[in-house]
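Below you'll find only one chain, the form predicted alone, shown as structure tokens.
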Amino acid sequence: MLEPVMFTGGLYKHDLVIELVEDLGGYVLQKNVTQSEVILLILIPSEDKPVLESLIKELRGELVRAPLAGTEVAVVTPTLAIHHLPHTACDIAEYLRRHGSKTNMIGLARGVGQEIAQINEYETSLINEHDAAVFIFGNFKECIKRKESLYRNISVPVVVTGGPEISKAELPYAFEYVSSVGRVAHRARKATEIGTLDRIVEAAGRALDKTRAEMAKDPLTTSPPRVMDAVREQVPDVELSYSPLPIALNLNGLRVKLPYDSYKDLVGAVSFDEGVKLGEIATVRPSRMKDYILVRILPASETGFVF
């Protein structure tokens, strides 16, 4: 099983880390260079992690687990109006990105009001394309409890945030609840505020780890990073996408940011050394996000093999 980790260290000799990861059958998902420091988001086979740790120790770098790496998280607010989109939403989305996740901010069309708040089928399907969702609510306990209808039918784990203390038993449809967030009129700067953001990241990480554990019982036919590399190699037009991240990884597949009608056949025809095509081991369908292509890899129980 591939384990998500983050390497932070000096720019000098960081290529040795990349080469070792590739030799061990892992993947470098993202590389960020800031002056003399480099940050790498990596997927590495669990059994080979000590080998990587040994090299990074020699290079005086740091290796930490990054459960959000290679995932997409939806940050959901009742609306995109100023009433429901305070600084907190931006802070949470940015902080999740810093810890390796790709985040998309979603504002509901009819999320206003305790009694009349709604979520439609399109919004539900869009959120379900992510690996987890963070719903951001305000400072009133009763309002937060009544708005559980917004995420009751969401199939991915949901982390709910708000101001007051609420027990998990009062929010049965939420994976976890993180308090002390609420609506604030400034960006998070204090140590206590940063600590709250850390708790949100930890809750999202636990939700994603639970999904990974469930998927391990019936593993995917192949890994999403391998499909990503194959698509990049065999569908070169993906690099011409105007999106800053042309291919977004999920735990069970990926989103290719190319027009569905024009490229669905090319993506489905992507082949592997084992002699199979992507369309044979995955579903290739239109994403609810713009006109992108959504690839969902089938589990071994449906294809009968793993490679």
Partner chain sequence: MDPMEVFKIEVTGQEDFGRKKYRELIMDILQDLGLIRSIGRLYVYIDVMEPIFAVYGLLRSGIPPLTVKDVGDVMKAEGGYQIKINDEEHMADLLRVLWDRYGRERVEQPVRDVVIIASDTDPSGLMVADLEAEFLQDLTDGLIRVAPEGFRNRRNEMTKDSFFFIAAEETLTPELIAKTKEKVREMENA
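In this text, all values refer to a predicted model and were calculated from it rather than measured experimentally. Residue numbers count along the first chain shown, from 1.
Unshown form predicted in complex with the partner chain; subsequent notes refer to it.
Of the heavy atoms in residue 211, none are within 4.5 Å of the partner chain in the predicted complex. Residue 163 belongs to the set of residues with a heavy atom inside 4.5 Å of the partner chain in the predicted complex. Using a 4.5 angstroms threshold between heavy atoms, residue 140 counts as touching the partner chain in the predicted complex. Contact check for residue 116: a non-hydrogen atom falls within 4.5 Å of the partner chain in the predicted complex. Contact annotation: the partner chain lies within 4.5 Å of heavy atoms from the stretch 185-193 in the predicted complex, the single such stretch among 185-193, 211-219, 233-241, 153-161. Looking at the partner chain in the predicted complex, residues 82, 112 and 180 each place a heavy atom within 4.5 Å of it. Screening 226, 146, 199, 97 for any heavy atom within 4.5 Å of the partner chain in the predicted complex leaves a single hit, 146. With contact defined as any non-hydrogen atom lying within 4.5 angstroms of the partner chain in the predicted complex, the stretch 190-212 contains no contacting residue.
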